[in-house]
Structures are given as C-alpha cells and as structure tokens.
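As a starting point, one isolated chain is supplied in structure tokens, in the form predicted on its own.
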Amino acid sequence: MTTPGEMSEADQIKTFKDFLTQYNKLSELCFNDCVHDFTSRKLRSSEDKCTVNCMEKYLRTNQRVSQRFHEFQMIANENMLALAQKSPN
C-alpha cells in the first residue's frame, strides 16, 4: 500500500512509459525536421544545431503550456471554492 505522495510501482511504470513515448516522438520529430543528408554517419553542424534548437523549443513550449495549465487549474479551483461558499448548505 502506498502513502500519499508515493507512487505505486504500476504508476511509476506508466509514468516512465509516458516519458519514453514523449521522448521518442520528440526524437522522431526533430530528426525528420533536421536530418536530410544520409551520405555520412556523422551529423553536419547545421543538422546538429537544428536538432538542439528543435528540442530546446519543444521543451520551452512544453514548460510554458504546463505553467499555463497550472495557472488555469488554480483559477478553476478558486472559482469552485467561491461558488461552494456562496451556495446555501
């Protein structure tokens, strides 16, 4: 049995699988957008720079979306609390 704040093993596995899925999607997206020359085993500097920029942009965007979601969730919770306090018991 888990205590509040702890994740069960199943939850940890699901979280890890979700992380791997997102990582693989990001890798595929940036690879497809940035790598076009398959005549060499090494990335060209332009391809390397493109992939780094792609990943940084994705991570910044994901962070911003998460931040905005959290802000909206806080507002929704405050509105629900205010509504509950207004309604007669």
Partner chain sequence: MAMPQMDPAKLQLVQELEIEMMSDMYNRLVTACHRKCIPLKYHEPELGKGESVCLDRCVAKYLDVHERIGKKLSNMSQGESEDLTKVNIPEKK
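Remember, it's a predicted structure, so these values are computed and weren't measured experimentally. Positions refer to the first chain, counted from 1. Definition used throughout: the rigid core is the maximal C-alpha set that superposes within 1.5 Å between two forms.
Just so it is clear, the following notes concern the form predicted together with its partner chain, a form of the same protein that is not shown.
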Under a 4.5 Å heavy atom criterion, is residue 79 part of the interface with its partner chain in the predicted complex? yes
Can you work out whether residue 56 and its partner chain are in contact in the predicted complex, taking contact to mean some heavy atom pair no more than 4.5 Å apart? yes
Contact of residue 69 with its partner chain in the predicted complex (heavy atom, 4.5 Å): yes
Tell me, yes or no, whether residue 43 is in contact with its partner chain in the predicted complex, where a contact means a heavy atom of each within 4.5 Å. no
Only one of 74, 13, 65, 20 gets a heavy atom within 4.5 Å of its partner chain in the predicted complex. Which one? 65
If we check its partner chain in the predicted complex, which of the residues in 20-46 reach within 4.5 angstroms of it by a non-hydrogen atom? 25, 29, 33, 34
For residue 35, is the C-alpha shift between the shown form and the other one 2 Å or more after core superposition? yes
